[in-house]
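Shown here is one chain on its own, the form predicted alone, set out as structure tokens.
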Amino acid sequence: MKAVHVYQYGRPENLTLVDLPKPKIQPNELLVQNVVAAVNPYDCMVRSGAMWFMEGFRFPKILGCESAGIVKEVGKKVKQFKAGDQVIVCTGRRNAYAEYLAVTEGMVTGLPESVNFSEGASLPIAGSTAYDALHELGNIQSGQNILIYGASGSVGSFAVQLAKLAAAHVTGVCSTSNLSGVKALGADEVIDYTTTDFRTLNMKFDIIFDTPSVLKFGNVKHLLNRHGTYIATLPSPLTMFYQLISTKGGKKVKTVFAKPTIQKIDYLSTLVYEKKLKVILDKEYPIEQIAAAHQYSETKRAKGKIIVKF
């Protein structure tokens, strides 16, 4: 089977396509043949060595957090799935960049009819991150003012739509080429950061969601209302400092870590099936071009999700 190995931390060119035997399943496992896998910023951070303190120095590693494919075999203890089922797979932090996966039932959920493989593989990480940021950390409420920075990216595009589904007033911030796309997702207002400094807005927000984690809380806290929340997707020493000193009664700083569950993925995929949530797909690469997919992800210019196909 095709798989992508990393033998040492470094540049995208360190990703190596290899041929491995298909995994053998245990009684409680399914064998899934991946059709696609999604590329996430976390994958790039692991490959570069930025997450060494979590991922350690054991090599080779197979990266990838999420995929979608077809069940080929099931162990005798598997109850919910059968060969031929189309499924979404959430592997956690690794192993999705492989043509075949041996996974337990807790890592798999069904792919609804009319939801394609690329859409399904895009939901676990970015979709859950957006959901958790708004609902679990931000406690979003109807009628609130929400600012989403990076509104055209994979997390941002989900966040705009989920905020609108929660009946919030959404201001999206993006570049010139993405203005119409973000407006089409339902944003009430769209600001072009290349021509307008949104920090000068005469508005107050209940949530500022910094999806690429490039803003500094000190530069945007004046835009938050008295009990507002600034949410980042990546920890930094400064963000963690502000998070420690922020108080429950005042302006808060929080960092969202993707915590996908089968229940959340099912909720999101149902929204896609019901056409209440749109998955924005940017580029698809053959698995042989995984290095190019990582290079593009690291530009931070992706308009939605990046997919690799087996």
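These figures come from a predicted structure and were not determined experimentally. For every residue, the number given is its place in the sequence shown, counted from 1.
The next section is about a form of this same protein that is not shown, the form predicted in complex with a small molecule.
Taken together, the three residues Leu30, Gly64 and Phe310 lack any non-hydrogen atom within 4.5 angstroms of the small molecule in the model of the complex. Among heavy atoms of Leu271, none comes within 4.5 Å of the small molecule in the model of the complex. By the criterion of a heavy atom within 4.5 Å, Phe205 is excluded from the residues contacting the small molecule in the model of the complex. In the model of the complex, the small molecule sits within 4.5 Å of a heavy atom belonging to Phe257.
The small molecule is not drawn, but in the model of the complex it has a heavy atom within 4.5 Å of Met45. Picking from 175-183, 69-77, 134-142, 114-122 the stretch near the small molecule in the model of the complex, with a 4.5 Å limit on heavy atoms, gives 175-183. Only one of the listed residues (Thr171, Thr129, Thr229, Thr109) places a non-hydrogen atom within 4.5 angstroms of the small molecule in the model of the complex, and that residue is Thr129. The listed set Ala167, Ala83, Met240, Val214 contains one residue whose heavy atoms approach the small molecule in the model of the complex to within 4.5 Å, identified as Val214.
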